[in-house]
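A single chain, nothing else alongside it, follows as structure tokens in the form predicted alone.
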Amino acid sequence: MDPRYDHKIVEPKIYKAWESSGFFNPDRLPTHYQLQPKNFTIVMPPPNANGRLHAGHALAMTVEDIMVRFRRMQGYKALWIPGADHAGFETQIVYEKKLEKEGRSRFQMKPDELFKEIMAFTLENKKHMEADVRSLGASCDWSREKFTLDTDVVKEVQRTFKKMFDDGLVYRGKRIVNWCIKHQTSLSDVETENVEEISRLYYFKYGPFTIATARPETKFADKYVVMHPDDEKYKAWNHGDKIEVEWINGPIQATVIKDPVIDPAFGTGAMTITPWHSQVDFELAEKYKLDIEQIIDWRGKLLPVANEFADTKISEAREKIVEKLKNKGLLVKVDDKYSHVVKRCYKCNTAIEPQVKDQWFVKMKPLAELAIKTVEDGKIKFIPENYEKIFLYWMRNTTDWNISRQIVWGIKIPAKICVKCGDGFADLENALRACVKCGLTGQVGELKEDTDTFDTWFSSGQWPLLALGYPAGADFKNFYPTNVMETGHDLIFKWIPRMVIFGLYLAKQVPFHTVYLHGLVNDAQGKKMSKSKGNVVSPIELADKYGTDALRMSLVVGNTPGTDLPLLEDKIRGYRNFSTKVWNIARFVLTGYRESSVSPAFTDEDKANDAGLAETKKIVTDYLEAYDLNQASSTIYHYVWHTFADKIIEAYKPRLAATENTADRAAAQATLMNILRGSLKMLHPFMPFVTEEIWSLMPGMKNQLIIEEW
């Protein structure tokens, strides 16, 4: 053995040997190796194919690889399917930034040209992402890799849409959506962030009432004033009463609406409503069949209804509108310390503008009920357990899901739109029949192609099915349901529910039995990494500097599921020292090893040490089977360093140096070799590179460590 372990030489060599062996593919494992009648399957959460891996990916790859390597060594047919996500909206934003630097805009490009450019960009970055996955030691089956824009995946996603349309679970409707004025697309609730902010709350006279609002720019067409039916302040007013009001653009007639949705404690307890630009107001308008009118356009500018303020950005118009109302004697007061929650786009931080728009929606209630019953019946286990409550709360309070995106990059929604009534249909035959209802003759020319794409969660929600070749693929029949879905805890709202409902709806089975949620990986100060803060740390660079094994150990030791952790370079450096320690232990044992013709005379000490190894292996096994990677890795670390190196080896040095008692020396050597072999096996899932390299240098080792029996 070389005096020094050089990870930069060893790691690429070892990974190449693993890939060449074919053992990442469970179908190519040695037949004598199948100790278990069961399979073990993980479908990799597909990293975005638009760039390099980040620290969160490194944690996910490490955790999943540990699980897979452990089960493979136990004799399971362990399958880990890698993938890559086209990541619709996120990738298009990345590419738009590239276009901005080049002085171009996606709004000046033909859709097909933009799609082709993004595809080329994505496929090139996909290569870098896959190289990063390999560098982290991921023992996934590359022969089964899937991309969310593979032809078969696209066809199956579109087929799901048509099935849901036929089953009455998908509909097209004019409803309130989250509109990003910068990116010119609607977003689902999980693609927005609720940010608590301090703003101004304005109080205005509205006829006999005083109303409060933080958005005077939306109030031009307000002609309904709402109050709680039990509010004593307004008991003199009845639902439907008409009043004459002097307002922004002159006198109007307003109608009193009494409804319990109003909070009597907010402002004065009376408020006007703007149904086009508020979810609550929109629902009130639908409930009472009230008029609605658009005030703000898709660019965030005021429409002609605003008179002199038309075509002005709402951010610029607000104070001018307030000034106009003040001059008319309608401004009562201003509260400068109004705390409220503002929805913002999760990518650009632009304030979301609620807009009414024809979009495709999934009816979530019947699907959510399936998921709730399944979890309550114990068919899916959550780690940590408290995330089960979060999942159930989300499912019990779900709203219909907007799956339309006004972007080019993604899977096209396979629908036809009636040019007169705006109805949408999942196939031409349905469209030609149904459009007769609105007076059209049903000719193709009276229909248009839907240009929207699916929300990326619509395709990724079907990922466990798609990755296994649903519905007729051999892998789907043999490996579905999967065992574990390992992902970040922030996806308990975004991704986990969608995978569960699609699995139950399409395959009539859960997509996985266990959900393992890891925490977020932050910078050394515990702050979220972001390019704007300049605190992004590349896990690939750290692995190159200290070794992948050191990075992997630093990510799991002391890390519990669901808990955020800081990425500490000192900690990684410490486990680099541990890699060196493991190497030096092996060098000592192997350098002193000699084949002996004398039968070893094992002592009580030898037997006790062998028993200690077996007990440690049992403890580690129990932890791994319970998915407690922190305790498993900590146990191994302390055993190897503090028991094996510090105690056992030190105690055996005199016996190894003795020349007169060859039987005792042979026993000492055999015991140390046994403990070294056992230690390398226990360490392998966590530190695969250094352990595999040492294993290849040990006498009599015919198999790679990756397929040794646990």
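Everything numeric in this text was worked out from a predicted model, so none of it was measured. In case it trips you up, residue 1 is the first one in the sequence shown, and so on.
The same protein also has a form predicted in complex with the RNA, omitted here; what follows describes it.
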Exactly one of N535, N630, T312, T603 has a non-hydrogen atom within 4.5 Å of the RNA in the model of the complex; which residue is it?
N630
Considering S105, N577, S530, S599, which brings a non-hydrogen atom within 4.5 Å of the RNA in the model of the complex?
N577
Picking from 256 to 264, 161 to 169, 363 to 371, 401 to 409, which part of the chain touches the RNA in the model of the complex when contact means heavy atoms within 4.5 Å?
256 to 264
Using 4.5 Å between non-hydrogen atoms, is Y637 touching the RNA in the model of the complex?
yes
Is there a heavy atom of T563 lying 4.5 Å or less from a heavy atom of the RNA in the model of the complex?
yes
Taking 4.5 angstroms as the cut-off for heavy atoms, does N584 touch the RNA in the model of the complex?
yes
Evaluate K219 for contact with the RNA in the model of the complex, applying a 4.5 angstroms cut-off between non-hydrogen atoms, and reply yes or no.
yes
Every residue in M271, D570 and A645 with a non-hydrogen atom within 4.5 Å of the RNA in the model of the complex?
yes
Partner contacts for 376 to 412, taking the RNA in the model of the complex and a 4.5 Å heavy atom cut-off:
N386, K389, I390, Y393
